[in-house]
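Taking the form predicted alone, here's one chain by itself in structure tokens.
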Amino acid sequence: MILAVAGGKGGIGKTLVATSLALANAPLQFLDCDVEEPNGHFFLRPRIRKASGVSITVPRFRKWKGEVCPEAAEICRYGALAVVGEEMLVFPELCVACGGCFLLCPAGTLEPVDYPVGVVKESVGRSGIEFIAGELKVGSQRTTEVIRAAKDRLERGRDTVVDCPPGSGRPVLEAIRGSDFCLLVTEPTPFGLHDLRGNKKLLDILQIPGGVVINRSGTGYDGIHRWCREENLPVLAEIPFDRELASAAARGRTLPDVSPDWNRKLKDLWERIKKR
């Protein structure tokens, strides 16, 4: 089973849930696809074995050819190309590697070159967990390319937990894509409900079944439960609003590290997800 764990914003407890589930049901694969701020390693403490660069193909102007291609600059929606007099300026940090400029320009005007956008690290963490993490290069915007590169290391047929980026945009969609089930982590507040609605739309688009984990429960707000009943979205687990748990998570400890009872509960949660 490939299980994705997503949430509407940073700090919701998504990585705590993902790493706790992984430890309770190890050995398996763990993919940290929150490439802008990966932090699964704080909880699983892996030892890096291999790091591979991730790059995209961008154009480079060959001035000696003496030709410019204003058509390519006009069709580039992201402003990665500009024609200034007899020069073509290329801004690789804006390029999405669509290849349109190579099709439009005369042969040889533009040269394809590799532009680094991130790195994928492979390692082994606690309890023999195979840990794979994508890490975006500082200043780069090619989040989805790094996520895809990390997911290319995924071994089909093995149990896998995918820690997704926060939000409900394209990077989250790319991280969830191909999963068998998605756990949506939220909090019992109106803001948590707003973000949960956005995440549910992604699951509907991808046609992937999902369930909800409510973190910091027990505050008295019932909006999450009512909305989940209306949407036929099951609430599969609740993590109480507890100072000891919050303090442990801040020190890089997972739920099973706090209490053996959580180990049993998370194993049961895993089996219930498999049945669904």
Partner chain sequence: MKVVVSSTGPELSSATDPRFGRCSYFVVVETESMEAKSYSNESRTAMGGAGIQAGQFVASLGVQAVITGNVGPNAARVLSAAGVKVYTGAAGTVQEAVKNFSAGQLNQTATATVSAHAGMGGGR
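Positions refer to the first chain, counted from 1. Because the structure is predicted, anything quoted here is derived from the model rather than measured.
Form predicted together with the partner chain: not shown, discussed below.
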(message) Residue-level question: is G79 within 4.5 Å of the partner chain in the predicted complex, judged on heavy atoms?
(response) yes
(request) Considering only heavy atoms, tell me if E93 and the partner chain come within 4.5 Å of each other in the predicted complex. (result) yes
(request) Give a yes or no for V138: in the predicted complex, does one of its heavy atoms lie within 4.5 Å of a heavy atom belonging to the partner chain? (result) no
(request) Would you please decide whether L89 lies within 4.5 angstroms of the partner chain in the predicted complex, comparing each non-hydrogen atom pair? (result) yes
(message) If the cut-off is 4.5 angstroms on heavy atoms, which of these, I129, A73, A149, L203, is the one near the partner chain in the predicted complex?
(response) A73
(request) Could you tell me which one of V83, L104, V113, V124 places a heavy atom within 4.5 Å of the partner chain in the predicted complex? (result) V83
(message) To test your reading of this chain, name the stretch in 113 to 121, 168 to 176, 93 to 101, 193 to 201 whose heavy atoms come within 4.5 Å of the partner chain in the predicted complex.
(response) 93 to 101
